[in-house]
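A single chain comes next, written as structure tokens; it is the form predicted alone.
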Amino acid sequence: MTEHDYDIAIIGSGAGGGTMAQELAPLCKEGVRIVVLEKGPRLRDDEFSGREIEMAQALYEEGGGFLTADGSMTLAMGCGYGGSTIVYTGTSLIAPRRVIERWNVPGLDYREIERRSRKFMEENNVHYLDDELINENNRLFVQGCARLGYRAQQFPVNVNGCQGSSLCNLGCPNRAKQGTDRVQLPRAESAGVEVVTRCEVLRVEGRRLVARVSGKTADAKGEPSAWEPGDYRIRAKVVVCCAGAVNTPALLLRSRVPARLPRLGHGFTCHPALILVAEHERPITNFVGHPKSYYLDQFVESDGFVLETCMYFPFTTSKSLSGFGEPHAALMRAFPRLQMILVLACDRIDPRNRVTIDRRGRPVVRYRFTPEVKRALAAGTRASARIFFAAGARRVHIPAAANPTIEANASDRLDTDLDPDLFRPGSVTVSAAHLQGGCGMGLTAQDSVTDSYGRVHGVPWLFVADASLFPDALEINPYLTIMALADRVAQRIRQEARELLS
């Protein structure tokens, strides 16, 4: 087994890991050796083809097919240089004050989260899109909301030179999206941080990591790893886990962590989401322009859901529709006329929803739909259908309804056909991309996994800096908050560097 020595090892390169790499990079001038270990590949710019199946295989964990333990929900996680920031839409919102205050983490103040979030908004060029990049799919959402008296808001997004390809979820082919792959990681590397791709960390054994580097197959996208394929033992004085809300808890569960952590893996939330479509009489511009430009969050506190504009590609759309044969095919042929809305349920912690591992140490996510989640999905679906009809749609497709096609002249069925109990696992296609929790922050090892600076209780050299830190669901897209927390963790490591690295 090949051995390497570093001062700091960062596991993962997404919003948490990329931020951590950049913020710790100044230590390299003092001779500190820092490495980022990323499980996925690093793609060349010319390899972002925009082809749905091809890019999903290249950029997502398990090709985009990672399922919960009962197979009822797909969990979307990026896997590559830049983590999930390669495949998200760039939506960048500051966490609501009420959420940070509800977390009630000693020493964590909302004003600090806001300040650090604004730092990365500036750094990653977060702004509102120009009108020419707002497509009709988004404009119809705004129109429908306005006619109903709803308050749709525009997403600030982190793009630079967006050309409206609408391929954000497949990796931007125009280098416009300013994820960690475009901003933080290149800066870290130019300052002396090493990045090793195709390197999966299997476990932590004290201040040693056991990792495996995979070779590049002939038909695979991406560059070969900087290290030869094989097994490695990596010694590090400080270890920072930034592998995400599924992989970080799983890594610690299968590792020899010298501390008792009863909350490890617990507190998992994910914003279960449904894709809804409506058919208009005429073609609309739905697959050009930025796909996710507006959202509606006024019902979060009362009904537990958020609505976002979206546009997914044919394969993802087809698997989200109910039915078979000609009715399904007819709806897919109407693709140029389809308007889409994403319904997200703002789930809260449930003791049965958690990350575990199987006998081989692979992550397993156990998740059940609580009555509150079912009610939120039903309420969000009703609101979406009303928005569709107010925007002029002729019919709405609702997979959870007894009869999934509701015509505009039968909109009264929305109150009778949408029983929350119909939103049960396996009966409707549900996915999630806002994966959170599992290593929640808190005061003691009995109520949490880390302190407010991401340090694992009882293990002074081991830190967490990703969405698994969240003590409860964020209610919004989480990436900016991940970066803010990672920035905070990095500052603490810099402050204690002399002691930690001695």
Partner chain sequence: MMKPSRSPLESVRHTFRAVVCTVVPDARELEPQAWAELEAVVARTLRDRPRPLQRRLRLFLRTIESLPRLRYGRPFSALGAQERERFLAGLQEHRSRLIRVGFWGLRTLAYLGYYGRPAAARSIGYRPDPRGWEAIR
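Residue numbers count along the first chain shown, from 1. Keep in mind it's a predicted model, so treat the numbers as computed, not measured.
One more form of this protein exists, namely the form predicted in complex with the partner chain; it is left out here, but the text below deals with it.
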{"item": "Proximity of S452 to the partner chain in the predicted bound form, heavy atoms at 4.5 Å", "value": "no"}
{"item": "Partner proximity in the predicted bound form: L133 to the partner chain, non-hydrogen atom cutoff 4.5 Å", "value": "yes"}
{"item": "Y294 within 4.5 Å of the partner chain in the predicted bound form, heavy atoms", "value": "no"}
{"item": "4.5 angstroms heavy atom contact with the partner chain in the predicted bound form for E30", "value": "no"}
{"item": "Heavy atom distance at most 4.5 Å to the partner chain in the predicted bound form, all of Y110, G304 and S384", "value": "no"}
{"item": "Residue stretch of 187-195, 348-356, 81-89, 319-327 approaching the partner chain in the predicted bound form, non-hydrogen atom distance within 4.5 Å", "value": "319-327"}
{"item": "Heavy atom within 4.5 Å of the partner chain in the predicted bound form - residue from R260, R207, R362, R97", "value": "R362"}
{"item": "Candidate from S411, T429, Q143, S214 lying within 4.5 Å of the partner chain in the predicted bound form - any heavy atom", "value": "T429"}
{"item": "Those residues of 53-87 which, in the predicted bound form, come within 4.5 Å of the partner chain by heavy atom", "value": "I53, Q57, E62, G65, L67, D70, G71, T74"}
